[in-house]
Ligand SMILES: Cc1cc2nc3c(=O)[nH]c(=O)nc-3n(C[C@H](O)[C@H](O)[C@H](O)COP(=O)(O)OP(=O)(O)OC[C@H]3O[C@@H](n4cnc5c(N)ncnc54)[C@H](O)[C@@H]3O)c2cc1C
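Only one chain comes next, encoded as structure tokens, the form predicted on its own.
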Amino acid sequence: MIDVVVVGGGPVGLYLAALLLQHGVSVRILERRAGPNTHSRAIGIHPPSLEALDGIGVASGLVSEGVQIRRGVAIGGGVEVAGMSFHTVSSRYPFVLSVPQARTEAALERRVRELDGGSLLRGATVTGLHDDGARVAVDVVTANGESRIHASLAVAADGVRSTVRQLLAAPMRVKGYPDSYVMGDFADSTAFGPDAALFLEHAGIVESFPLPGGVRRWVARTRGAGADVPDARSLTGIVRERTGVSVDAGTNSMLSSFGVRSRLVTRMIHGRTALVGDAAHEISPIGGQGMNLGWLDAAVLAPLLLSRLAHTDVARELQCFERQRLQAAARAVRQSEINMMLGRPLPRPLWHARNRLIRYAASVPAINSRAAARFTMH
């Protein structure tokens, strides 16, 4: 019997596994995908997450690969509305690190394999979960057939469509939003350098973030009720129409669209199984908090798992973990709602008034610093 089975080999599951393996815990990671992820929807790593990732020895490597976003600028009608510096948010990591999720996952997987080369099992589909109060049994289907894995504890880090959450019949609060977005990566044709740019236009927001290798990500709010079919030329047309920036559609290297909803479970601890990351809370990608929130879940949970394995009664601590992490998720939902509200289309008079209000708020140092802290999850 192993100590902990982690369902989900994405960034959160790999990070948690590395934390546990460093303490000599036996871990088995069950990942449904047969190969590494090549699609990078998440790119921003916030300062608290860099602190957490440093604890498993991968932060410095990621920093060397990524782009350090130390400043964001808001633009409206071709005029700078506000600027925001992140230099006060952290003494060690005063920036948001922009690095493709695929590279982040690759770094985490390398670290896991360094600690235990056999801990990650790919092509593993979970079909059942059984908790008898003393241990957890997980039914798994692989290319070799069906099997059952016994563990002292289980953690679900298997994303927004979490199989484990469904098997547990975990209640959730779900909220839908009328917002939809298209995003894509293109060769950087701007002079923004390492800065993030938010174009607060009356037709809807356009966001722009630097990526390594002279690439820039563009995200545009669309008018559809659901996620639009992504098209590189349509996206570059929106960017040009709203911002005046010409982007070469032929340089597109990633394209995606998404609608928005939030989902929060009412409980993260179910007997000997815990839900973390997107399995526990789905947050709007606008603001880039989802992956980071999952890492912070895992960082707080890991010591409690170690205590449970040592047969220490941590029932009260687990209740505190659940309450605090669900509160953090609820705050992230509220922040994402503010971000989406600021990006919605407005009639020109209201658009001018909103941008004037943003300009005034950003000119107040205390408000500006507080907003920077909120955006970087500090």
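In this text, all values refer to a predicted model and were calculated from it rather than measured experimentally. Numbers for residues come from their place in the sequence shown, where the first is 1.
Not pictured, yet referred to below: the form predicted in complex with the named molecule.
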V5 near the named molecule in the predicted complex, any heavy atom under 4.5 Å? no
Tell me, yes or no, whether G288 is in contact with the named molecule in the predicted complex, where a contact means a heavy atom of each within 4.5 Å. yes
Is there a heavy atom of D278 lying 4.5 Å or less from a heavy atom of the named molecule in the predicted complex? yes
With the partner left out of view, is Q101 within 4.5 angstroms of the named molecule in the predicted complex by any non-hydrogen atom? yes
Have a look at I69, V58, V333, L30 for me and say which one sits with a heavy atom within 4.5 Å of the named molecule in the predicted complex. L30
Select, from the options 298 to 306, 154 to 162, 236 to 244, 264 to 272, the stretch whose residues sit within 4.5 angstroms of the named molecule in the predicted complex by heavy atom distance. 154 to 162
Thinking of T38, G184 and V206 as one candidate spot, does the named molecule come within 4.5 Å of a heavy atom in every one of them in the predicted complex? no
When the named molecule is considered in the predicted complex, the residues of 358 to 378 having a heavy atom within 4.5 Å of it are none
